[in-house]
Ligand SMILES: NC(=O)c1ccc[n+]([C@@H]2O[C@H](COP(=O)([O-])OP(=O)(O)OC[C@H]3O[C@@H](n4cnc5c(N)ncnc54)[C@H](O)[C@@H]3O)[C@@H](O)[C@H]2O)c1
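First, one chain by itself: the form predicted on its own, in structure tokens.
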Amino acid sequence: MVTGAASGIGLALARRFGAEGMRVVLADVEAEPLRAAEAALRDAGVDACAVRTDVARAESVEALARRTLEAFGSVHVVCNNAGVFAGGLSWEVPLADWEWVLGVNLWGVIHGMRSFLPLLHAHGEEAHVVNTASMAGLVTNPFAAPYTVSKHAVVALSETLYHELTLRRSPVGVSVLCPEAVATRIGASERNRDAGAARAPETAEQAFVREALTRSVAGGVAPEAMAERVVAAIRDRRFYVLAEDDWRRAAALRCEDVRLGRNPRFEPPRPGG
């Protein structure tokens, strides 16, 4: 089961799992792209089922879990992948933006964990949970507080889940996917918000981070590369699925700042680094 499966990393994961011979449940809030993704997978010979889902709503994810069991009887891989972006000065970001980003990026993972972990344990077989965070969950960047906070929380939640499952000697494994810039449409996340909702005028900081994000993902890694990393991590039961570029240096720098008690430094990865 993959959330955010109508595009980007989610769609690449669904295709990759299908290529492995797995049956796939695709979940997304975008109805038309979701139907198109399901049709494309079926045309490729994949046994696929699409379920329109708002991961920010517990009842919607619970319905997704029920539909997954109805379609295929059990579930062995769960990818809590749906994500959105909003930025700006942390104290000026509208409350609605905080609620939207945390609702999808963090509560979507929480709802997925609460609805699907019991199903993974029920069959008693090896299974795996993959939570999509970001390298922004290991470093901090200005003008992106809602996104950064949500991704740090997903990393912490995933680590906690890993410890709990290890202590229980559970056959369920956990991975946290922390990608670098990926060629997705996350810069156009607003397409999934209520079209009638009032929007405050864009601030200079919001414009700056939006333009930076757009440039970054335009030259980003292909989503298919993320799917390959995830499949390899599941096979190896490896927890951290990290970027293969200069983001690792930035994460290491932050860890050193914490270890040595230094004030945090901001040294963003170089493009293509």
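Heads up: residue numbers just count along the shown sequence, starting at 1. Just so you know, these numbers come straight off a predicted model, no measurement behind them.
The same protein has a further form, the form predicted in complex with the ligand, not shown here; the description that follows concerns it.
- Stretch 80 to 88 is the answer when you ask which of 156 to 164, 80 to 88, 67 to 75, 119 to 127 has residues with heavy atoms within 4.5 Å of the ligand in the predicted complex.
- Taking 217, 233, 243, 46 one by one, only a single residue has any non-hydrogen atom within 4.5 Å of the ligand in the predicted complex, and it is 217.
- Contact annotation: of the candidates 176, 144, 104, 138, the single residue with a non-hydrogen atom within 4.5 angstroms of the ligand in the predicted complex is 104.
- The ligand is not drawn, but in the predicted complex it has no heavy atom within 4.5 Å of residue 14.
- Shown alone here, residue 55 lies within 4.5 Å of the ligand in the predicted complex, counting heavy atoms only.
- Contact check for residue 111: every heavy atom lies farther than 4.5 Å from the ligand in the predicted complex.
- Contact check for residue 148: every heavy atom lies farther than 4.5 Å from the ligand in the predicted complex.
- In the predicted complex, the residues of 167 to 182 lying within 4.5 Å of the ligand by at least one heavy atom are, in order, 179, 180, 181, 182.
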